[in-house]
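Quick heads-up: it's one chain on its own, the form predicted alone, in structure tokens.
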Amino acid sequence: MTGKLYGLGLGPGDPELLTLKAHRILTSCPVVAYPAPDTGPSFARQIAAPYLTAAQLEVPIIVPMRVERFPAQDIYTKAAETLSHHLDAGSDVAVLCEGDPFFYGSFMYLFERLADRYPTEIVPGVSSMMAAAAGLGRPLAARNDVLTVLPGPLSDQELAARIEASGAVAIIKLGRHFARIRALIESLGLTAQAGYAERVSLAEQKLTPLADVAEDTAPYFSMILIYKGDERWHPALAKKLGSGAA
């Protein structure tokens, strides 16, 4: 019999936001794999670190963090081959995923290569969007609001069209696009309705109205939430909740 492949959603960063199911599987799998940059530590491993043991075999999947394109498909093909050896030997393999495995997660590329050959289970994780909304004290979406998730690299024209068509918006993958996106939001007259969150749920998290952000750049783990819906209670309460959170 082969081992079982697990895609474990770890949540936005706080180790206490792992689900009970993810914790059970994480602590019982003999092989633990995770994405890691070619420089610096793996964020996924940092989240799971309190629960790892010396008896577990760790398999880092090195993914270069570069603006320019790199042969990502080759990386996932080689990683899938490595993990297949452990699965063929009968060992269960847990692949750690920041946030949720199928919400912009790299695990989907391993799933594509392995799920047709091995029993596979996906364990969903707490999304950083939910954690950001909770920290900012503002609705993510309510009633019949249309929630739209927008990657920051989209063009201004496409961002503007989708923002205007939605009642609630989460803009992710800000990074070097932050200044441009903030200017776009200002041009749409929505700055007062926008909240900014970075490194949410971590000790160094920043939660603040977008208008109060002085920097022109933002880290990768940051987002902007815009609420245009019908719940009008949130501005005063968000200010109260955020006063001690930033």
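Residue numbers run from 1 along the displayed sequence. The shown structure was predicted, so the numbers you read here are calculated from the model rather than taken from an experiment.
There is also a form predicted in complex with a further copy of the same chain; it is not shown, and the following applies to it.
Original post:
a further copy of the same chain in the model of the complex: within 4.5 Å of a heavy atom of each of L57, I75 and S222?
Top reply: So, no: the whole triplet misses a further copy of the same chain.
**OP:** Would you check, heavy atoms only and a 4.5 Å threshold, whether E98 touches a further copy of the same chain in the model of the complex?
**Re:** E98 lies outside the contact set for a further copy of the same chain.
Original post:
Can you check whether E81 is within 4.5 Å of a further copy of the same chain in the model of the complex, heavy atom basis?
Top reply: It does not: once a further copy of the same chain is placed as it appears in the model of the complex, E81 has no heavy atom within 4.5 Å of it.
**OP:** Decide whether L174 counts as a contact residue for a further copy of the same chain in the model of the complex under a heavy atom distance cut-off of 4.5 Å.
**Re:** Answer no; every heavy atom of L174 is more than 4.5 Å from a further copy of the same chain in the model of the complex.
Original post:
Would V149 sit within 4.5 Å of a further copy of the same chain in the model of the complex, counting heavy atoms only?
Top reply: Flag for V149 set to yes.
**OP:** Pull the contact list for 85 to 104: residues with a heavy atom within 4.5 Å of a further copy of the same chain in the model of the complex, in sequence order.
**Re:** Those in contact are D100, F102, F103, Y104.
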